[in-house]
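One chain comes next, on its own, written out as structure tokens in the form predicted alone.
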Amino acid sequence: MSEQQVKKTPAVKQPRQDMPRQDPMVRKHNFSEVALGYTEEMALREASRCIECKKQPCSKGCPVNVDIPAFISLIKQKDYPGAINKIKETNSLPAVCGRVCPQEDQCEKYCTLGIKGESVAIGRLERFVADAAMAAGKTGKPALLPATGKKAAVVGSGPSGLAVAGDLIKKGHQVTIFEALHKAGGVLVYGIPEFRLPKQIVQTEVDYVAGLGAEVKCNFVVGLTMTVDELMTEAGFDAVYLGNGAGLPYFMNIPGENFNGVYSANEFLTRSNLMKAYSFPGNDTPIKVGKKVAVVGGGNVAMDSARTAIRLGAEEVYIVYRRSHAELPARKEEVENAEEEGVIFKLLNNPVAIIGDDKKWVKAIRCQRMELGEPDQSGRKKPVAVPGSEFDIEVNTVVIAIGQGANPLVASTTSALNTNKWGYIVTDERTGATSRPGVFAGGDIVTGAATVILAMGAGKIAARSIDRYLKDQPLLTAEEEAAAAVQDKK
């Protein structure tokens, strides 16, 4: 279809542009990015589908309030620097969000074209703009307000912390980011594999926030190197934001979880992603993966673990999940990618034990078949065990990917900080304020494991509140918060 034909064809009639990807039989043997991104021609075709709705339902579905019709309109005009600047008015990490955010459940879910057909591929267009800006060396830099002389500490350099830091610097405040690991980026570097999110992309986004003026201190464990109390009393910070994530792995508490060859998904992915164990001995961190691997869980982390195991040389990789395919919580495209790469789905099965040999190495995982019963509190049908249905799957490695909780280190070393029964920090959802004056929090340490963009949304809310706190202004009311979100888009 020529450019002239595209212009004449009604948007609703134009097909959504597929994302080019590496061939499954090739990509399963490398850690290079699977999704290859739009060409300029494809991006222009996809952008032409946007009808630029006046009410902007897509923007209402964006946790950071990106003015989506405006940036897509700039793509249509081939004004890519203008498009990236428009996105970065409210989103400091577009190259990341364009790759890993579940747009199908957020902005694209509310796209008008999606009512009768396929929604505009907003995430893919966001990635195109971000990549084009990086390739041209024009990542966009917003205007900064005059320096206020106020200092804010941000604990954690994941998406929530980076969002807070970027917004506070724009307001003229001095920001220092404290990261426990040796590399900044949080879950973006230790949790998400290279083939989904190249680490150079993350580094570029971290460098962007640092380029705005944030100081980034790695190998600094808040709660150990210094406590939050000490940051405020001894280091002179006027406010602290806790965006330290949820990094405490959950296990199933079944027999055999202490055998050699059993990993938490956190350890398995951190070894591979952050420590680059896939290139051992070129890098110092080893990772032992047998020929047969079972990954327990059905979310994105489980898919990441299974697809990583394939690339590390496993010949058979199983996803063991207690519900059916329809209830898999992972993104549809991640499930499809895993299936294409040869991952075997053992659905409606629940592990009840891990079997080891006489040297305490894993040799099998014992499962029990399940049936779906009535819906539970989540709205999904509850899995019910089938008596006498146990069976063994021969495996050498088991990765437990059933979620993670709050690491208690920061909360337990901070005075007057309230947490709930699960150890997550309690905040005012409207402002991000905690029970401790001057201390704010957001992201996974408040909500539990969620998405990158939701963590960023929480960071933006907290940044507005911290800005007001540093200026000795009262925190926003619900009505003022709504108005501020609208203002973000202007």
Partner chain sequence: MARIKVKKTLAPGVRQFVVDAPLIARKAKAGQFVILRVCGEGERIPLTIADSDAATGELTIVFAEVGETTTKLGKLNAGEEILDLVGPLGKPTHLEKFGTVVCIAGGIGAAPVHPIVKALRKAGNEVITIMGSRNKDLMIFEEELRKVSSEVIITTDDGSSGRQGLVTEVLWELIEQGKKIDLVVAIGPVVMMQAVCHVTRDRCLPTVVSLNPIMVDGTGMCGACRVTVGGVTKFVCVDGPEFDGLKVDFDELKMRQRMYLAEEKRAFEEYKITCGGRC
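All of these numbers come straight from a predicted model, not from anything done at the bench. Positions refer to the first chain, counted from 1.
Missing here is the form predicted together with the partner chain; even so, the following discussion is about that form.
Contact annotation: the partner chain lies within 4.5 Å of heavy atoms from the stretch 230 to 238 in the predicted complex, the single such stretch among 230 to 238, 414 to 422, 83 to 91, 151 to 159. The closest heavy atom approach of Pro249 to the partner chain in the predicted complex falls within 4.5 Å. In the predicted complex, Gln200 stays away from the partner chain, with no heavy atom inside 4.5 Å.
By the criterion of a heavy atom within 4.5 Å, Gln77 is excluded from the residues contacting the partner chain in the predicted complex. In the predicted complex, Ile344 stays away from the partner chain, with no heavy atom inside 4.5 Å.
This chain is displayed alone, yet in the predicted complex one of Asn266, Asn300, Asn273, Gln103 has a heavy atom within 4.5 Å of the partner chain; that residue is Asn266. Distance criterion of 4.5 Å from any heavy atom to the partner chain in the predicted complex singles out Pro286 from the list Gly313, Gly373, Pro286, Pro142. Contact check for Leu181, Asn258 and Pro281: all three have a heavy atom within 4.5 Å of the partner chain in the predicted complex.
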